[in-house]
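Let's start with one chain on its own, the form predicted alone, as structure tokens.
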Amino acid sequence: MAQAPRVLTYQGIPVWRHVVIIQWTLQIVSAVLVVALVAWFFSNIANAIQDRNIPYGFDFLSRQYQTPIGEHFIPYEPSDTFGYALFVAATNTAIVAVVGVALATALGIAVGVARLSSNWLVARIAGAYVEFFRNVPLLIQLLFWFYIVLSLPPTRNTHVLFGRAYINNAGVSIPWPLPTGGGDLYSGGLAALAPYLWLASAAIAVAAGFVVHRILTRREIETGRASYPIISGTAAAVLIGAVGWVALMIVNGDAPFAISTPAPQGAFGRIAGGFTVRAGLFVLLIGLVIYTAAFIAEIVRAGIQSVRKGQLEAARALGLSPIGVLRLVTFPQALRVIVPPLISQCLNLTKNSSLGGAIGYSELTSVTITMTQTAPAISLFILIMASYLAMSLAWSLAGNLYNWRIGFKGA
């Protein structure tokens, strides 16, 4: 059989039979086809837009929006621009995503661990929770909770909880810390600076508590003697934070923060003071957290069950308590299995927040749909697609950083 010319071989193997050459060729051809298909698709869209005189472009971003946004966490006025209004709406979505992921993860871990409980009743309740909430569409759950909240009394007949919190069909009002100096750094002097100084000391306290926890955990592993790292780390953080608080009280003559308590005001009994979680945000968080936690619970259960039984038996042989086994042996190993699908649930929760418009919450999608009445719809939807893509990539980056970290440590 004739041999292939030398120029048609790689590492002594004909290029048409070399696995690496074939793989790279297929990848390059696939990439070219995908790029050509995407270019053709968008070219057709651009031609259709021009043929039909559909408005597009981004000049509208500098125009005044002139429409109120029902709820916003950063200052906003109707006279602000379209661009700033989109940023306000994206902030609303990001806050729901971050808070929702934190709460859903905590609830999902608790339910996932409960599903593996040796207590028959606890395990069955956790199983019923998972099977019910993950099989009912999220929109139906949101509407269910929305009408539950609407059935609450109006603000004039609000329910009072413990004499300090109020719940009605407008939302939930709770006590909330506010800076005593008003937060104005230019005219408030030291009194206005005190809250920020204490927040800095609190951050230092948390870092110090984390360092104490790490040191005592390492010592506990090396010596086998109980060092109580969680209790000691928490105590160190609380102590440093308390010292900073007292020092600022002595210097400033007043506490850095004061608790603002909500209370009914005026003839209509509207709640003033404190912090009010409006009905739309309250319902959206409840729905997203309960729904997503059902999926996270199954991820946690599968991750824990992936740990080999020999690891559990060795931990019990060392005399660790069931909580100690879970905290020190089972859960750290299960995280390798839990984190990748958990990140997918973070993405899903972020994208599912776009249903907030159905219950009156001013998130990115609902605000954008309102904007389409006075601005090019195509341009707006390109912007919100890019926004959701950026949020999703942020969650993916967090997951990849964690995977890189544990892969690096395990190497």
Partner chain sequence: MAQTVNAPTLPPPPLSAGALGWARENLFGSRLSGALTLVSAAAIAVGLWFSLAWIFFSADWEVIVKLGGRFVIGQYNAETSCPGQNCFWRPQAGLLMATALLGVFWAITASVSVKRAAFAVALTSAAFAFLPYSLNEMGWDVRLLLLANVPALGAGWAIGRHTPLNTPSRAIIASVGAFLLTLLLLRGGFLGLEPVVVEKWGGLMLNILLALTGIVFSFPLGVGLALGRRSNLPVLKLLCVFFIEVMRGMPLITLLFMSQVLVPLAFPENFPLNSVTRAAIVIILFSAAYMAENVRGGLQSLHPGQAQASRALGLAAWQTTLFISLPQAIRNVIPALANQFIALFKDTSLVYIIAMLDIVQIGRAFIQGNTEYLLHARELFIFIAVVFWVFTYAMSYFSKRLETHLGVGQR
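Rigid core here is just the name for the largest C-alpha set that superposes within 1.5 Å across the two forms. None of the values given here were measured: they were computed from a predicted structure. Positions refer to the first chain, counted from 1.
Although not depicted, the form predicted in complex with the partner chain is the subject of the following passage.
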(message) Only one of 215-223, 257-265, 114-122, 69-77 has heavy atoms within 4.5 Å of the partner chain in the predicted bound form; I'd like to know which.
(response) 114-122
(request) May I ask whether N135, Y147 and S151 all come within 4.5 angstroms of the partner chain in the predicted bound form, judged by heavy atoms? (result) yes
(request) Would you mind picking the one in V160, V238, V211, I140 that has a heavy atom within 4.5 Å of the partner chain in the predicted bound form? (result) I140
(request) Considering only heavy atoms, tell me if A48 and the partner chain come within 4.5 Å of each other in the predicted bound form. (result) yes
(message) Test of understanding: in the predicted bound form, would E313 fall inside 4.5 Å of the partner chain by heavy atoms?
(response) no
(message) Since only the chain is shown here, I'm wondering whether T365 would be in contact with the partner chain in the predicted bound form (any heavy atom pair within 4.5 Å).
(response) yes
(message) Considering non-hydrogen atoms and a 4.5 Å limit, does the partner chain approach I384 in the predicted bound form?
(response) yes
(request) Give, in sequence order, every residue of 286-303 that has a heavy atom within 4.5 Å of the partner chain in the predicted bound form, or say none if there are no such residues. (result) Y291, F295
(message) With both forms fitted on the core, check whether the Cα of A386 differs by 2 Å or more between this form and the one not shown.
(response) no
(request) Tell me, please, whether between this form and the one not shown the C-alpha of S30 is shifted by 2 Å or more, with the rigid core used for superposition. (result) yes
(message) Please state whether Q66 has a C-alpha shift of 2 Å or more between this form and the one not shown, with the rigid core used for the fit.
(response) no
(request) Could you tell me whether S30 and L397 have their C-alpha atoms closer or farther apart in the predicted bound form than in the shown form, knowing the shift is 3 angstroms or more? (result) farther
